[in-house]
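Next up is one chain by itself, shown in structure tokens, the form predicted alone.
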């Protein structure tokens, strides 16, 4: 019988790719997702799907017991980094308490490895290129939550022997991304705006830069780590090495979509201006990784997929906790709790 892997958040963007790659590698996959952000259609047919929340400790214990879970990929999170300032309780409940609930279950059921998807948001600003030896200095509640879980994993390993591996992807894009989310994933937002015949909205002058990572480049090392005992207890950056400004990205997205769009400049928001990472460590541990997919190639793949998707109006976020300094362009998509 093949090894059984639990993928939390497997109906979401990166989780759907992880589930597929695990199946291709011969694992048996159980997906847990509450469908608050992901979509049932993203889940591969070969996977067992259980609808539920990582906050449900009893459900997690039932899944671990009934399916004999050997490995866990924990990707369930609410990953709207910019919005996290305004939904602090929601952010910490879902991204910290939910993660710790999964860690508790993994300890109780003695899994062999827990793979956690963190973020380069843990580094904060003015630390480029970001590399794993830096002291994390997160500047927003999302990054703080991710780093808190990283520290909790280290504590769980020290006391209970829980084996884990942490990956810090950054600005990941590709197929299965939620095109209807107005708060995150700038490439998805740009493609949705083009498909709707709307202008592209850019915060500030557009000279903030990111290394945009095609999803396969982030996911492949995450799958391969299970077969490498030396990756246990380690933290790895994964993604692309080449950074682009948001202005350059907007032009590239228009080329990939075969359409021109007007650009509307919005007031600058509170965000890290430049974010790109060093990936030499992952290359040392996992040799033979292919060169990252170029932005042009990756955008072309995503654009071909996006043009086939059913577009829906952006789903409003209900439960804003702080409205002060909320970007005006987001107000149409939110409401208080």
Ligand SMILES: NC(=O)c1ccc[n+]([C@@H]2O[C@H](COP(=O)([O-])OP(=O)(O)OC[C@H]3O[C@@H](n4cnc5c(N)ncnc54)[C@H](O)[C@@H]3O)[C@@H](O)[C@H]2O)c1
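Predicted model only: the values in this text are computed from it and were never measured. Residue numbers count along the first chain shown, from 1.
This next part talks about the form predicted together with the ligand, which is not shown.
Undergrad: Answer yes or no: in the model of the complex, does the ligand come within 4.5 Å of a heavy atom in every one of 34, 75 and 171?
TA: The answer is yes; 34, 75 and 171 each reach the ligand.
Undergrad: Is there any non-hydrogen atom of residue 282 lying within 4.5 Å of the ligand in the model of the complex?
TA: Heavy-atom contact with the ligand at 4.5 Å: absent for residue 282.
Undergrad: Answer yes if any heavy atom of residue 52 is within 4.5 Å of a heavy atom of the ligand in the model of the complex; otherwise answer no.
TA: It does: once the ligand is placed as it appears in the model of the complex, residue 52 has a heavy atom within 4.5 Å of it.
Undergrad: Using 4.5 Å between non-hydrogen atoms, is residue 22 touching the ligand in the model of the complex?
TA: No - in the model of the complex, heavy atoms of residue 22 and the ligand never come within 4.5 Å of each other.
Undergrad: Are any of the heavy atoms in residue 292 no more than 4.5 Å from a heavy atom of the ligand in the model of the complex?
TA: So residue 292 does not count as contacting the ligand.
Undergrad: Can you work out which of 113, 184, 85, 210 has a heavy atom no more than 4.5 Å from the ligand in the model of the complex?
TA: Filtering the options by heavy-atom distance leaves 184.
Undergrad: Exactly one residue in 118, 165, 193, 91 has a non-hydrogen atom within 4.5 Å of the ligand in the model of the complex; which is it?
TA: Contact with the ligand in the model of the complex is made by 118 alone.
Undergrad: Go through 304-312, 270-278, 61-69, 34-42 and give me the stretch that gets within 4.5 Å of the ligand in the model of the complex, heavy atoms only.
TA: It is the stretch 34-42.
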